[in-house]
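What follows is a single chain, given as structure tokens, in the form predicted alone.
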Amino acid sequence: MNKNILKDSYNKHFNNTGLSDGFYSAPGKVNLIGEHTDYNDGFVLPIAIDKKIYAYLQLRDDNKINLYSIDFDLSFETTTEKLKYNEENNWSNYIIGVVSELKKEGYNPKGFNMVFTGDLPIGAGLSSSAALEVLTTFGLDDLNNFKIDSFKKAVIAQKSENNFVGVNCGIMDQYISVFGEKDKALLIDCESHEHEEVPFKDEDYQFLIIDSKIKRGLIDSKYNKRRKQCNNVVKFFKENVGEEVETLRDVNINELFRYENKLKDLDYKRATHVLTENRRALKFSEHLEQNEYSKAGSLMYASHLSLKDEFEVSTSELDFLVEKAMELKGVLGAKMTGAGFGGCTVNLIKNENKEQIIENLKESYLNEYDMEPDFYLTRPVNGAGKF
């Protein structure tokens, strides 16, 4: 990112206050495996990707907050005392929500001006909202000299989406945007909030993200319904089995199978996906660490089938991209990624076949759906910070 783009836009829309300023960035993410396990205290294995949100922030000597989105060509103004959800400029809520959470945590951020842009697609399931929240948290922490530790930054960013935006997301998206590392996936335990680094250093392989162009909105989707169905199973085990069960992480998979006939069909299917997905995530990380890419790829495909049939969050477009990819030379694994109901697939591929894979899938998808998907080749990158 050329800093001049941000600075020129800033100078066009705001006056230099002469106070502390800085350039910040935060990456999006793609989850390799472990879907809908994060809010069930399970395991996820994301990477930070080379698609980011970039911003220039400067403090003010009053409590005003002035925002400008280069990509939307829209401005928004409020104050640190007037933090209300804005229906008209939804993008602003991901920034204002962070200010709200900082204040709840006892911090008192000063007013600020901010311009931002990015190459991270919106609504594709690559965590553009989390990147914006994390970037804002990093910027305000740095400029106000709060000295918030990295994990708490991720939590503040997550809570801003939970409490202000209204999406009951888990912590994965914000966590990987903070902690992402070059050439490493992170196996995150969403119960302990600890992670293990899983190397991905073989340059003969990389990940191909394919945007189906089917936009999804978590607030308006069936995401929260799926979460409730998972909680129904937890409630059943609490009330009827007499075990110490707080989340699906605490449910033994054999016990789940035993009580199949006692659970609602859909609740059982959702829980089956989550518990088998946890197993796949742990096994996938082992294969990746040992450079067993074919074995890792087969688990990606198994994950997709579970998301399609058990959790029912895929779409015909995502299924098409996965099935077509698995037929191609050089594709070791393919699956939908993210919450579903649209968005992207992620594919583990051999570099030597990337051009043929992209060309074949572009043509097939265009013929089937009369639109071209977008393709992003990526390897793991570092998380948020100054640039």
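Quick note: we count residues from 1 along the sequence shown, nothing fancier. What you see is a predicted model, and the numbers here were worked out from it, not measured in a lab.
FYI, the form predicted together with ligand GLA isn't displayed, but the following is about it.
- The stretch from 319-327, 54-62, 332-340, 358-366 that comes within 4.5 Å of ligand GLA in the model of the complex, counting heavy atoms only, is 332-340.
- Of the residues given (248, 96, 172, 178), 172 alone sits with a heavy atom within 4.5 Å of ligand GLA in the model of the complex.
- Using a 4.5 angstroms threshold between heavy atoms, residue 38 counts as touching ligand GLA in the model of the complex.
- Ligand GLA in the model of the complex comes within 4.5 Å of no heavy atom belonging to residue 42.
- In the model of the complex, ligand GLA sits within 4.5 Å of a heavy atom belonging to residue 223.
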